[in-house]
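Before any questions on binding or motion, here is one chain by itself as structure tokens, the form predicted on its own.
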Amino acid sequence: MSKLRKYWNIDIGQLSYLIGFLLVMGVLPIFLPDTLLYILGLTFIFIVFAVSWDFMTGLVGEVNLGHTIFIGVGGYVTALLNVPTRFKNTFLDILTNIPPPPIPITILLGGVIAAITGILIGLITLRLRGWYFALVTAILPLLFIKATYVLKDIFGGEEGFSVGLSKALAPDTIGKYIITLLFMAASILILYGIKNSKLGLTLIAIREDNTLAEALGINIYLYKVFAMGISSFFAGVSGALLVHYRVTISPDLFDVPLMLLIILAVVIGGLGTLIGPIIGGFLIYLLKYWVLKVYLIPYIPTTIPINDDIILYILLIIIAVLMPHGIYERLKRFYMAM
């Protein structure tokens, strides 16, 4: 344990909370119906969306408003590798003769291509400072969406396409649940280890003071590009996993509403804390796709102009006022005060 503390600066309290959360999620299939398990599986994938975005924005301090690019790239890579007939009668017709690799390989390749995309974007944009970087990354998903419309024969246009039930992540809901839970656990633990390693501490130093970090001889540009690659890899793998979870792919993986939901989850949970995005991702996704849709929205009169998004944004305002550093920081202070 002392060696873990020495090399990774691990907070045993945080690690115990993580392990406890994962153990609780592991026994839920015994008690919950398939419908709720299906939503929870999607929630686990969304949590990785949020945690991987927080790695770049919260840890490094660069506000990436185009994180959905990497989610979409990962998704489309695995989808096209598994349905190579999409290239038939196009300029990429030669690819139709390539047999589909095993699903785990295509998911991993989705992450690798997303990481390469992230590094390339980072090399071009990370010399920009402040909101210039944020504005450029905000525009990029719109270009990718446009490409899916222009190359409709390949990408399926607005409706997307199905990869087929035979390409599902697992034959049943419990199998999908377990796979996504294990994926979330592995992703969180790896990113947690990076965050608490010397690399993570260097990235935090860059976030806190770019000028001082440069004065100490740190190549902040290369470190940021490297962090962009890590963040985009996990986004790409989770996007690919989502495709095989729901067996369809569409431009909604690039879309602005998904980006806003990720930002909402991270800000509400606690930016730059890693644990916060897990809490925020879990709460926000379940609120939007289960609690509000099942227990609240159906009972609101149609004459009242309100929907689940409006409720979530109101919640964001309330938490921003009462808990400006997020739910996790407030819970931590409450625990320390006890």
Partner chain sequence: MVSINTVMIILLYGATFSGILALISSGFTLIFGVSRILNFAHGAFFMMGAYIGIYFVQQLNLDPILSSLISIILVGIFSIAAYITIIYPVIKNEVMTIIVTLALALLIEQVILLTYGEFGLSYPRLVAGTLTIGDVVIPMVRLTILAISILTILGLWIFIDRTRIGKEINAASQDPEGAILIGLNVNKIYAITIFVSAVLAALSGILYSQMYAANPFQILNSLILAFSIVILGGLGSVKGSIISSFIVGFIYIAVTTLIGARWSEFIALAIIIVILIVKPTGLFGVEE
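All values derive from a computational prediction rather than experimental measurement. Numbering follows the first chain given and starts at 1. Whichever C-alpha set is largest while still superposing within 1.5 Å between the two forms counts as the rigid core.
Although it is not shown, the form predicted in complex with its partner chain is what the next lines describe.
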*If you check in the predicted bound form, is residue 103 within 4.5 Å of its partner chain, heavy atoms only?*
no
*asked:* Considering non-hydrogen atoms and a 4.5 Å limit, does its partner chain approach residue 57 in the predicted bound form?
replied: yes
*Would you please decide whether residue 267 lies within 4.5 angstroms of its partner chain in the predicted bound form, comparing each non-hydrogen atom pair?*
yes
*4.5 Å heavy atom contact, residue 263 to its partner chain in the predicted bound form*: yes
*Among 226-234, 87-95, 253-261, 111-119, which stretch has residues whose heavy atoms lie within 4.5 Å of its partner chain in the predicted bound form?*
253-261
*asked:* Quick check on this chain: which one of 69, 48, 275, 65 has a heavy atom within 4.5 Å of its partner chain in the predicted bound form?
replied: 65
*For residue 323, state whether the C-alpha moves by 2 Å or more between the shown form and the other one after rigid core superposition.*
yes
